[in-house]
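As a starting point, one isolated chain is supplied in structure tokens, in the form predicted on its own.
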Amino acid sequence: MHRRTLLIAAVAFAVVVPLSAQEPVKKPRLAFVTNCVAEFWTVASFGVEAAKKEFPVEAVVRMPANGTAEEQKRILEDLLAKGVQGIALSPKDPENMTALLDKVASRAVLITHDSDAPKSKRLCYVGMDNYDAGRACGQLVKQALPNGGPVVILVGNLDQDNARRRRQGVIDELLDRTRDPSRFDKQDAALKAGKYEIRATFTDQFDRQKGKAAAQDALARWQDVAAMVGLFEYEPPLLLEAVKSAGKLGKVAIVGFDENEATLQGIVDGHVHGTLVQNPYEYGRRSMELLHKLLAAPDEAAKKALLPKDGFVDIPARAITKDNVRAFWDDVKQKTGKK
């Protein structure tokens, strides 16, 4: 009996101890890397947080303080050094970052969002078609300016894929050109056809003061400017400030991108005609969901099955005007916990 008791105890110990000592399954470590610091990306970070509750992942958000490609490089190298397994990136300068992105893709699962790097080995792009969104933005300009006139464009830079495509979409729509996402008009090109003229494109390199100064200079230099377009989230409010300080509210149409609160308030007040919004919340959530599923895939075939054939996870843009701004703003507040 004594030997039997010891045997039972030994079996019990063999079963119980490994279970009690078993380490919890580690969650995959993911990162969501932006191209600058902006309210747009704050909204995206709420989507990342939502994904952390919905899926078994650890995730961090990294924003380059000065919005430079060099900062992004340091962030990516740091993430790799810390063993991050999946990265969603909005690349600053895809043309000159291909080698770096390929290095990242060799050590972690890499996808892009917001702005693409199609020549790299990233697995897919999550976001909207920036060229088509630019054309939709051009349609808003046409609504605001049915009789035509000179238009000034403000954009962070023309190195990023999303910036080039948005600007080209606006230009092609206003000049009634055929659809051609590969087209690129140089920054200093003379652009005029029909009722509309692209008087100038200014780049501010994500410097708010530089952007506002460029807008103020345009309004002072050209008294006939009829519309101003800001292609990045922080720019429509700068245009609004410049137009207001020039005493031209209601005289110069303002159209923009994204859902900065000052832009939305400008629409409510009737000073901004409209804005093309993305869905940064879903950029954050869907990017983390996709990375989670890719890392959990048992083999390459299963991983490939998760990816769209064209490498594009489409999250369409929407036009926001006075007709739908309040409903849209309420939805943003609900998702971000603002009142």
Partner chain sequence: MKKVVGIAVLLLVVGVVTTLGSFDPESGSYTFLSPFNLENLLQRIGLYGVLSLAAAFVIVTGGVDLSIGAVVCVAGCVLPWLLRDLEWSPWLAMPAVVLGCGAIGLWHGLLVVGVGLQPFVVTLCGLLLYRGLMRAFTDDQTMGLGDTAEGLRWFATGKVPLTAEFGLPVPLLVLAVVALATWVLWTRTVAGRHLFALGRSEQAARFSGVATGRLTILAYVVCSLLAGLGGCLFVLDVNSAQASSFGNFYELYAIAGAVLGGVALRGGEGTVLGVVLGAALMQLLPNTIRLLGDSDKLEFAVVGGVILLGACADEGLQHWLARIRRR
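Numbering follows the first chain given and starts at 1. Just so you know, these numbers come straight off a predicted model, no measurement behind them.
Although not depicted, the form predicted together with the partner chain is the subject of the following passage.
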Check for me: heavy atom within 4.5 Å of the partner chain in the predicted bound form, for each of Glu173, Leu191 and Thr321, yes or no. no
Looking at Leu238, Met228, Ile87, Cys137, which has any heavy atom no more than 4.5 Å from the partner chain in the predicted bound form? Leu238
Which one of Lys142, Arg183, Lys210, Arg107 is close to the partner chain in the predicted bound form, taking close to mean a heavy atom within 4.5 Å? Lys210
Counting only non-hydrogen atoms and a 4.5 angstroms cut-off, does Thr98 reach the partner chain in the predicted bound form? no
Mark Ala246 yes when one of its heavy atoms lies within 4.5 Å of a heavy atom of the partner chain in the predicted bound form, and no otherwise. yes
If you check in the predicted bound form, is Glu261 within 4.5 Å of the partner chain, heavy atoms only? yes
State yes or no: in the predicted bound form, is some non-hydrogen atom of Ala220 no more than 4.5 angstroms from a non-hydrogen atom of the partner chain? yes
Counting only non-hydrogen atoms, the one stretch of 142-150, 120-128, 183-191, 249-257 within 4.5 angstroms of the partner chain in the predicted bound form is 183-191
Using the arrangement in the predicted bound form, list in sequence order the residues of 127-165 with any heavy atom within 4.5 angstroms of the partner chain. none
